[in-house]
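Heads up, the chain below is alone and in the form predicted on its own; it's given as structure tokens.
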Amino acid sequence: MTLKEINVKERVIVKKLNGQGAVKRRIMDMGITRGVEIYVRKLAPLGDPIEVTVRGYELSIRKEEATMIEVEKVA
């Protein structure tokens, strides 16, 4: 399951980052690494970007980048 498939107000844990090069580096620079918890706050009106909270910071992630982040729902 990827971050793009998660509903608003759900918490997930990052399992794996796919992708390569500059895009992967950008995701990691935002603090999104394996084992980190992400809370999906809201979607923009057209669904892009996705607003999330990571490590206490509010971030915007493009749908294209969200497909590269494999996650698991928090029980």
Partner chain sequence: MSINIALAGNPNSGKTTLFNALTGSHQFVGNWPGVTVEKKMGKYKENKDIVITDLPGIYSLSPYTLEEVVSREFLLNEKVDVILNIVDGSHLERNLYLTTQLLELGIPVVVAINMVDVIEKRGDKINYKSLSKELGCPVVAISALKNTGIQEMMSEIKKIAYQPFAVRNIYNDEINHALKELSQTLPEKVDEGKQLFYSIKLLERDYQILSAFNMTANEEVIKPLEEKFGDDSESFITDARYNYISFLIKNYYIRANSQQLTMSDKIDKIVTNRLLALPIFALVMFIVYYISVTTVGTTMTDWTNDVLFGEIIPPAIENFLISIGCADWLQGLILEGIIGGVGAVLGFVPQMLVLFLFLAILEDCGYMARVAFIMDRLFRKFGLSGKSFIPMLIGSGCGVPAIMASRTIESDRDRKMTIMTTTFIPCSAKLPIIGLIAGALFNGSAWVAPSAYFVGVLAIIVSGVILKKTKIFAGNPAPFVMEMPAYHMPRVVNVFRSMWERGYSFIKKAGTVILISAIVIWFLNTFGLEDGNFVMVESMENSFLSKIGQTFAWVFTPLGWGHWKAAVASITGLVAKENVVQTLGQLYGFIEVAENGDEIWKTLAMSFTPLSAYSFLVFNLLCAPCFAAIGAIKREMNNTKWTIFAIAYQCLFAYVVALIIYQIGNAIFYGIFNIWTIIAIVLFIAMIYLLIRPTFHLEKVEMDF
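Residue numbers count along the first chain shown, from 1. Values in this document were obtained by computation on a predicted structure and should not be read as measured data.
Beyond the structure shown, there is the form predicted in complex with its partner chain, which is absent from this document and is the topic of what follows.
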Contact between Thr67 and its partner chain in the model of the complex at 4.5 Å, heavy atoms? no
Test of understanding: in the model of the complex, would Glu10 fall inside 4.5 Å of its partner chain by heavy atoms? no
4.5 Å heavy atom contact, Ile50 and its partner chain in the model of the complex: yes
Interface membership of Val40, its partner chain in the model of the complex, 4.5 Å heavy atom rule: no
May I ask you to list the residues of 1-25 that have any heavy atom within 4.5 angstroms of its partner chain in the model of the complex, in sequence order? Gly21, Ala22, Val23, Lys24, Arg25
